[in-house]
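Heads up, the chain shows up twice below as structure tokens, two forms, tagged structure 1 and structure 2.
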Structure 1
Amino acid sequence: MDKIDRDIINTLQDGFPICPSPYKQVAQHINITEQELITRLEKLLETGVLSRFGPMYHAEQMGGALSLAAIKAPAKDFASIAESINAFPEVAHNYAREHALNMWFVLATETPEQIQQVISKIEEKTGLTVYNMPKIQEYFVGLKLQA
């Protein structure tokens, strides 16, 4: 990443303008062209520097629910278990961890009641216990890179 990439990431963490030409407005703020901004965002996504670029929704404020969950997946079956869990549309993302609970995933549902329903289905499909860790308090941590 160079200075411009860091400027893009830092700028976009402060919000994305709602206007007819939002990319152009952000690009002007960073002193690059709109096309350069778009090209750089695509490259940051393709290379995995950014895992996603898009809005963050507060599911709870829309009547839904989010929860962090984890399982103890046997190493030999890890990939197939991850594939099974990721097949659920309610699974937002999934991580491997070096811990007894070695697979962590986020559930996002339309209603709070659906969290336990999805957990039960995952347990049924995988034969593994799902440890549900619902959010108690939310904190926003911004990552600002040195330009």
Structure 2
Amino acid sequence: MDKIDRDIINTLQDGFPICPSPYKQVAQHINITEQELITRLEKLLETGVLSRFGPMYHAEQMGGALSLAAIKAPAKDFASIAESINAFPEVAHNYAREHALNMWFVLATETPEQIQQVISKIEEKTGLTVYNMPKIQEYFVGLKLQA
């Protein structure tokens, strides 16, 4: 990752224009060619430096729901449990964390009712209790990480 990659990441975390040639516009801003921007973006996505690039949809605004949930996965079965849980398309993110509750995942569903349904399915599949922690209030979502 060089300075141009960092410029790309920092610029694109802020947003992306909606116009006929948006890559060209961003490329001009950071003084590279449109093709170089596209090639570098492909690489940043391929290597996982960027986990995604595109519109970020707001589940609740679309009538859907989000929730944060956690389980206590026994260490010996951790990988297979992660695999079972990740297989659910409703699981948007999943993180291993240092705690008795050692696996934390975000569920995104099209309707609020489906959150409980997915949780029941996960409990059935893993035999573990799912601690559901849907947000009561959102105070802040944002932050740009300086590359």
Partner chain sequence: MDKIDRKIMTATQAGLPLTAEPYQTLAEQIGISADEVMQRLKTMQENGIIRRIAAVPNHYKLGYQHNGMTVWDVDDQSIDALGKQLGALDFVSHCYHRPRHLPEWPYNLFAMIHSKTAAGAAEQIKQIAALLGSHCRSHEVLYSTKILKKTGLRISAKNVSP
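Numbering for residues begins at 1 and runs along the sequence of structure 1. Whichever C-alpha set is largest while still superposing within 1.5 Å between the two forms counts as the rigid core. As the structure is a computational prediction, the values presented were derived from the model and not from experiment.
- The first of the two structures is the form predicted alone.
- L41 shows a C-alpha shift of 2 Å or greater between the two structures [criterion: core-superposed Cα displacement of 2 Å].
- Once the core is aligned between the two structures, the alpha carbon position of Q137 differs by 2.5 Å; this is the C-alpha shift at that site.
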